[in-house]
Each structure stands twice: as C-alpha cells, then as structure tokens.
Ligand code: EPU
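Presented below, as structure tokens, is a lone chain in the form predicted alone.
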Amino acid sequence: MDVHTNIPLKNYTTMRLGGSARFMTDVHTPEEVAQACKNAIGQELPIFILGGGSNIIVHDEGFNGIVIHNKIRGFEVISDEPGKTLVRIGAGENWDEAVKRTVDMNLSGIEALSAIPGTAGAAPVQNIGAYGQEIADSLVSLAAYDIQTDRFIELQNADCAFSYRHSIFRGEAAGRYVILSITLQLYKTAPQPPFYAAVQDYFDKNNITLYTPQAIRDAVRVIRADKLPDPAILPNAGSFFKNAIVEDWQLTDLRQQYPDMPVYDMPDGRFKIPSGWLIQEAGLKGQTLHGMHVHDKNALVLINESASSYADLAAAREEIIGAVRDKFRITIEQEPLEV
C-alpha cells in the first residue's frame, strides 16, 4: 500500500478546483482500509475517504491529512429468488457500470439512477436519487469499517437514517465509517407506471409502451445527457444545490405570489420546490458569476468555466443563494460535500 505526498486534489474531483492532499493512498480491500485508517490515527492525521470525486468541493488550502481513495471492487449475486435478487457491490465500483449490470440482468430498482457519476460506496452517503427512485428504496444493508472502534460492521437500512439527500454519513456519523460494500434488493418484475414526468414524456414522444428496466435506463440517460453536462468535458459537480423543502404555510404564501411554481409532495407532509426553477426565476440561469457558469439547460448545475479557486466558487454560490433568498424568502443549500 503506497502512500503519495502533495497530490493535487483538483485532478481527482470533477469541479477541478482546490488544493493538494498532504498524503494519499489507494485501498483495494477492507484490510487495507483498516490499516490505512489505523496508520493515520497513529500519526494523528485527519482522514478523508475519496470515491469518484463527483460530489465534493475542495478548499484552496487542500487537505492536511490523508486521503484514502476507495477502490474496493466486486459485484456478486448473494441471493436469487423467484421475484427478487440480492446483489452486493464493492464500494469502489463505478456506480453507472453497476447499474448497467443490474439492468442487463433485467432487474428493477435502480435503473432510474443511471448515469449518476461516482462510486457505489458514495451512493448511500447522500442517498442519491433521480426520476422517482432513491438508493434508500433498494439498500438492504452495507458493510463498513468503523474508524472509532476499529471494527468491521454491518449497518441495516434503518441504521442509515435516510432522508432527502441525507444520511448519517453526512450527519451525526460523518467521518466515522468507511463504506466497503452495499447490498441491494432488486426485483424481477417490470417497472410499473406512473413514472416520473420527464420519463413518461420520453416514452410518449417515442411511442414506448413496453416498460422494462432497460427502457427506463435508456430514457434516463438521454434525459440526463440533455440536461447535465459531462464533467469530463465541462468541469462540474452535477446538481450543485438541493431542491428546496418547505412547510405547508410557506407554500401557501408562495403560491399566492407564484401560482405556476412547480411543487412536489414529500412523504413527511412537506413540499419540494425545484431549486433550478428558483434560480432561473431569480434571473441567473445562463449567467457567469466569478468564473462559474449557471448551466443554460439546468440552473442547478454550476460549470467551472474559468474559476481558479474555491473562493471564486464560494462567491458565486453566495450570490445565487442570496438572489433566491431575496426573491422567495427560501435559503437553498449546497449538495456537494466540502473538504
């Protein structure tokens, strides 16, 4: 297990910003994870776990500790019953490639999460979701290394405290666990309507009436390619802001002023308002702020057009948040994690 020094983290993140890691090492097995963490603790070094780098923002000063690059692979069917299948996926597996493998097996459950960048181990951290599916809907359990207790453990779905774009890994247990693999329960039955509006529109326009996991994956990939720029070509971190969540009384007030505002019901009785719509209505869609371009097709996405520092990104972010707050009295929140 080699340890490298002074590694520019902008080369490992899709936003292409930020300083260097003091140390970095690749890990390929749970045992290497444990050893790397114990070594870091012994040297009193902070630890950061890196996956695909698509949902993190690095500060200009970099990370004065060790970045552990999770490259644990593996894809295994661990249970196959008449109507459902359990699969275990290594945390370092490319997420979209793992989704493709399940769709190739004609399994349903994560097909709408196609084309989301990053690794399988990162999926539960922010409870990734798109087009009507969330990882929380399919995740049964995950294997992890507990840095605090130096133990390999298994966490069940309920232990993760999933909510909208959130889990314990972003909350009270941030920095405690290294996810090693995830176990998902997927189904052999065909996906059933009603589908997410954008997916149904795609089916209608293309006269698709045979609903399969592959059909949904194909639709999602086309939709995402149109709305979300490829980070390999245009540096970005995907959706930069979470959608806004409001209470009933807030929605009542807002609808009086903005009757055409798009709104989606949440399971907990609150309501979700697309932050992209809020940013667009605040007049910022297509604008370039401090070198960060608000994507012309999806105002949730910030593209690093010419920004050279985290400070540039932070200035653009605060300007966008302030404009939305001034117009709607809603404070939108950043989605990517920060290092």
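Since the structure is predicted, the reported quantities are computational estimates derived from the model, not experimental observations. Residue numbers run from 1 along the displayed sequence.
Missing here is the form predicted in complex with this ligand; even so, the following discussion is about that form.
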- prompt: Which residue, V27, A40, A307, A299, has a heavy atom that falls within 4.5 Å of this ligand in the predicted bound form?
  reply: A299
task: Could you check which residue among A130, L184, A136, V125 gets a heavy atom within 4.5 Å of this ligand in the predicted bound form?
output: A130
- request: With this ligand left out here, work out from 93 to 101, 247 to 255, 164 to 172, 142 to 150 which stretch has heavy atoms within 4.5 Å of it in the predicted bound form.
  value: 164 to 172
- prompt: So in the predicted bound form, are Q200, K205 and T212 all sitting within 4.5 Å of this ligand, heavy atoms only?
  reply: no
message: in the predicted bound form, does P262 come within 4.5 Å of this ligand, counting heavy atoms only?
response: yes
message: I'd like to know whether H59 contacts this ligand in the predicted bound form, with contact meaning heavy atoms within 4.5 angstroms.
response: no
message: My question is simply whether F241 lines the interface with this ligand in the predicted bound form - judged by any non-hydrogen atom within 4.5 Å.
response: yes
message: I'd like to know whether Q280 contacts this ligand in the predicted bound form, with contact meaning heavy atoms within 4.5 angstroms.
response: yes
